[in-house]
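Let's start with one chain on its own, the form predicted alone, as structure tokens.
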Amino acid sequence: MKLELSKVVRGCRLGVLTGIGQTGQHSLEVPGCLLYTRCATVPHLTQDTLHTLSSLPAVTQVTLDSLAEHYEVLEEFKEGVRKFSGLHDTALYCSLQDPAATCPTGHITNKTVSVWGSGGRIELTVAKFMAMQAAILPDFYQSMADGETWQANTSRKRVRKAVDRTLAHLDECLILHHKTQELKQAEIFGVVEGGDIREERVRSARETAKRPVAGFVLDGFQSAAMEQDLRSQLITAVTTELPQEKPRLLQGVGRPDEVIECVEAGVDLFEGFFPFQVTERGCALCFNYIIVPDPETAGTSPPTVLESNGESPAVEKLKENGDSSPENMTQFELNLKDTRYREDFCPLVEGCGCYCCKNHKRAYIHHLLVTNELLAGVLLMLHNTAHYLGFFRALREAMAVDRLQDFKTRVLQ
């Protein structure tokens, strides 16, 4: 795995991650996101339905917490989760926790971490963690880590202990990684912890960078964990300590405005769980991310998404009408359960090329949602995934022509 950077401007990194996978045939443009799955399947979508979308990420994320209960089956199968789940040609990244799920805290010891499946808590030693990786057969995976220091009021002593534990886990994982034949072609990412304490973040980054890892996972920066300004400051401090030639993957951040802030702080890769969260709220992503290619053509470009639909951002409009919006709804989405869409015969986003927007209207999606039809999740997931991937594509294009600030203004307006 090799990160080839084509441009670095004020901390923002544009390039391609090449040599991914056992044969090295996959590549992923950065900044970019991974394809989110649960139990190695994109929620609501079959593999054939998923592949109606073009330009899917070359890397699919699977999570250990969703696969841990199936360890014995995968171990007996011996050919890994990619073949077991019938995935198309894709590289696999295995993380410890599902970024879209919450789990109980307080079950970390010096020797173990815990994940939660449908049957309850599963305690993992390093040996068991690595045995599971050998059964899953990922192309790269994060090392075992103590990631519970993002909560408010975590003491400095607890944060320091988390960093020490994570480094100790990494050292043990590396020893077993090199001894495990099944992981001979896989690569390991070290995890940077440290809560909201700058000194511990820097220490964790420096020490992790000394280990022979292929990349870095920045943990504990989840959207609910801290303010955006503090997150940006800490990520900048961390990435300054990390080698330029290795990728940085950020966990738990997916909102478009936060993604841009983190790209400016030096992050390369993100988990692709945000479209799933929007879909579960019964919402559709609908925000501007197209910038005018040349300032001289300003005023001659086609209307933007929201302009062509003749509306303002969804959250603000809902508040004006006095309607209640789904919990955690952002300004980047439309609440299609709202009665205003009952007779709205526009596509979700004018000009969107996804199957949903080409074949169905908002009124139909509203009908599916209020009648609890499963097709609602399928169509929304198709659209939200397509829109989110388009956002990342436009982000890279804006960086390539030095228009990141214009892009940021467009997304946030």
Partner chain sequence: MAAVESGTCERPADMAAVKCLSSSAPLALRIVAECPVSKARACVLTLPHGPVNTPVFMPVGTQGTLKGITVDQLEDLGCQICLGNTYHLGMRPGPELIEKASGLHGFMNWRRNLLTDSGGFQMVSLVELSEVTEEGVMFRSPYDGKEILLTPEQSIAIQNSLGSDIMMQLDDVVSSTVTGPRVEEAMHRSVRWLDRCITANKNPHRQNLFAIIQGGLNVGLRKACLDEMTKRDVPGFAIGGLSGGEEKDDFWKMVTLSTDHLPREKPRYLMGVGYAVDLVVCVALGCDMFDCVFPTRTARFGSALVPWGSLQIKQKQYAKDLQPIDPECQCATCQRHSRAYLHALFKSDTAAMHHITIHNISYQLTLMRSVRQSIIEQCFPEFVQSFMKRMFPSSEQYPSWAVDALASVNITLD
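Since the structure is predicted, the reported quantities are computational estimates derived from the model, not experimental observations. Positions refer to the first chain, counted from 1.
What comes next is about the form predicted together with the partner chain, which does not appear here.
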* Indicate whether the partner chain has at least one heavy atom within 4.5 Å of a heavy atom of residue 240 in the predicted bound form. => no
* Does at least one non-hydrogen atom of residue 87 fall within 4.5 angstroms of the partner chain in the predicted bound form? -> yes
* Asked: Is residue 73 close enough to touch the partner chain in the predicted bound form, meaning at least one heavy atom pair within 4.5 Å?
  -> yes
* To do: Report whether the minimum heavy atom distance between residue 55 and the partner chain in the predicted bound form is within 4.5 Å.
  => no
* Structure fact -> Heavy atom within 4.5 Å of the partner chain in the predicted bound form, from candidates 244, 118, 155, 109, belongs to 118
* Among 74-82, 164-172, 210-218, 331-339, which stretch has residues whose heavy atoms lie within 4.5 Å of the partner chain in the predicted bound form? -> 74-82
* To do: Just give me the residues of 341-364, first to last, that have a heavy atom within 4.5 Å of the partner chain in the predicted bound form.
  => 342, 343, 345, 355, 359, 360, 363, 364
